[in-house]
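In the structure tokens that follow, the same protein chain appears in two forms, which are kept apart as structure 1 and structure 2.
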Structure 1
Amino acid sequence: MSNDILVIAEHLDGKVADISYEMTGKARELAAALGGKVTVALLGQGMAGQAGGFASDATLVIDDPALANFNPEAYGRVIAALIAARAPRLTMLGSTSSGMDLTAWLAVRSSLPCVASVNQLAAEGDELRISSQIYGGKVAAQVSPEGGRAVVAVMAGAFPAAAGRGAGPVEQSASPVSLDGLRVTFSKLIRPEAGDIDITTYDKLVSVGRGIGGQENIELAQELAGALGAALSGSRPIIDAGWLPKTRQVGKSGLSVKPKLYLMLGISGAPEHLEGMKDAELILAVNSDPKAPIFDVAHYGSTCDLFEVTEALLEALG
């Protein structure tokens, strides 16, 4: 076993996802404490031009037509081969739709512990300390993997991306395993249909969650959004209930937004939602539960009744 760390980068439409840099920055910190090195693996086709932006000891570009689009079988084969050959102390993937497709499978294939929904990582002496969010982020489980090695799925926004950006050396390689005879094939990427507005273009958003109570209360939130010059968005339960269209959904299964102001009414702060709004400049949260995980990321928060807060804001803005 080495003390090296392997980071699996993510990309879409030829652009590396921010979580790749977030993981790289944390990996650098851990590797320095453990006396190891950081390798970023960038799988795909034609991605060499994006490989020079990582602050890693090496970025390994594996180029193959079978890796052009995400395919869990193809990606899994390659990453499992890298783990077997390099025996890294820690293999880091994003806690994203593609990362969750791979993490548990890789752990089983490599006979390693798996830790999901990771939001903290530290090295204490020669031991890894990992914090995992469970029960929608309301409980933090502290674990130390048996045997000292693990495969982890890291929550987006858990670590700063700036620490992972740099100009490390780049290596190019063919796939270490055959990618012939794949049983899974990529068909097409289905994108959300265009809606009445594009919430990603707004500087201000008022976002509602299940704490809003009922569909009849959406109008009040819309009134507040109008008074602020903001757009109205929502968390997944609101969209699943049909109270707002899919194009207004913020989160992992919706849209990622980076407004200057993100005001939340009745949103608890599940990891899936945080992934979509973590980069907002100013985050305001109103939730009656003082233990709601959203208060761990909000810049300002209130546990007052959201309807009282909304009415007070409307009066002040009027």
Structure 2
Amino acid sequence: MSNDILVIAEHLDGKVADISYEMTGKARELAAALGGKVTVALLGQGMAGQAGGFASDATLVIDDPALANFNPEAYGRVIAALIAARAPRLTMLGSTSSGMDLTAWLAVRSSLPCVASVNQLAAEGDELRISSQIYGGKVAAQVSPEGGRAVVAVMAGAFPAAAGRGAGPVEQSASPVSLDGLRVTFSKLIRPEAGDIDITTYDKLVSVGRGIGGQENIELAQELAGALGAALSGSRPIIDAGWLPKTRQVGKSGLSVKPKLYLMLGISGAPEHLEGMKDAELILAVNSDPKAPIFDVAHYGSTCDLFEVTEALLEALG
């Protein structure tokens, strides 16, 4: 076991994602405490140009056509080999669409403990203290890996990205393992269909969640959005139920928005949703549960019935 930290950088559509820097920054802090080094692994093809921007002790660029686009099997093989070869104290991945495919898989493959949805990381003495948000953000679990090593999935936005930017040295390497005979093949990227409005361009959003109750109530929220000159967006359950199109989804598997006003009706604030809207300038939340996590993020809140408030707002707005 080393005290080194391995950060698996992430890129989507040719661009390194912020989560990579967020993890690197945190990794630096931990490595300093533990007396180890930070290695960032950037898997891909033609990504070397962006490899020099990490505050790492080393940035390992693994270039292979099979890694050009994310492929859970190919990436898994390469990272498993890196973990086996380097035995890092901590392996960090993003708790993102791609990171979630790999973290638990790598942990089992490498016989290491795994921690999901990590939002705090610290080294106390020689011990790693990891905090994970579970039960929809309603509980924070503080855990330590037995044996000291772990593979963790870090929530986007948990740490500042700036601390991870720098100019660490870049090493180029071929894939340490064969990438032949893959059973998973990347075919293509599918871009969101145009045709609906682009909610990321709106100054004001009215966003609805499960609390809206039924499809028939969407109209009322739409009415309020109309009266405010806002667009209507929603959380994942509303989109999964087919009540709003996918283009209106805010959150981890939807869009990230930064409007001037984010008015939330019946959204409890699961971490996946917060990820997509926490940077809004003004967040107003109406939710009947006073303990809903959203009230930790919102600027103003009310536990009144959302329909009553909506109706009262409509009346006040004429």
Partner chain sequence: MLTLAEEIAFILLVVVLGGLTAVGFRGIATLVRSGRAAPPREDVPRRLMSALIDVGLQRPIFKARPVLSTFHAFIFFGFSFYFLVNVADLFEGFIPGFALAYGAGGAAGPFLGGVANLFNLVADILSVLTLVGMIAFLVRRFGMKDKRLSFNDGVLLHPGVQAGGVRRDSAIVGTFIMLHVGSRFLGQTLRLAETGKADPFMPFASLTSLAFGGLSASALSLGIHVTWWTAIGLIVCFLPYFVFSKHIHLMVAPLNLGLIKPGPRGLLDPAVPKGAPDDMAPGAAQLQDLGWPRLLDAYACIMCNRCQEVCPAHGSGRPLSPAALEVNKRYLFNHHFTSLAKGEQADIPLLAMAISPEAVWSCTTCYACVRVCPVGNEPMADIVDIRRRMIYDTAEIDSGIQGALEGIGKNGNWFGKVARTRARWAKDAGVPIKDATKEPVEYLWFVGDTASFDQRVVPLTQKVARVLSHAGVDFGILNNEERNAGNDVRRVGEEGLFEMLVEQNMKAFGKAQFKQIITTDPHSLNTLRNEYPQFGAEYPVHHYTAVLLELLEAGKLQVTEKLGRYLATYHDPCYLGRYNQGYEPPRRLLELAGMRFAEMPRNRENSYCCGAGGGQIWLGSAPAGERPAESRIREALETLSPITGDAEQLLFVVSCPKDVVMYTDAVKTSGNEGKIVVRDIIEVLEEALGLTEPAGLPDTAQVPV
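Numbering for residues begins at 1 and runs along the sequence of structure 1. In this text, rigid core is short for the largest set of C-alphas that superpose within 1.5 Å between two forms. Here the structure is a predicted model, which means the values were calculated and not measured.
- Each of the two structures shows the same chain on its own, and it is structure 2 that derives from the form predicted in complex with its partner chain.
- In this overlay on the rigid core, G254 has a C-alpha that sits less than 2 Å away from its partner position between the two structures.
- Core-aligned CA deviation for H11 between the two structures: less than 2 Å.
- Once the rigid core is used as the reference frame, the Cα position of Q120 differs between the two structures by less than 2 Å.
- Core fit done between the two structures; CA of A312 shifted by 8.4 Å.
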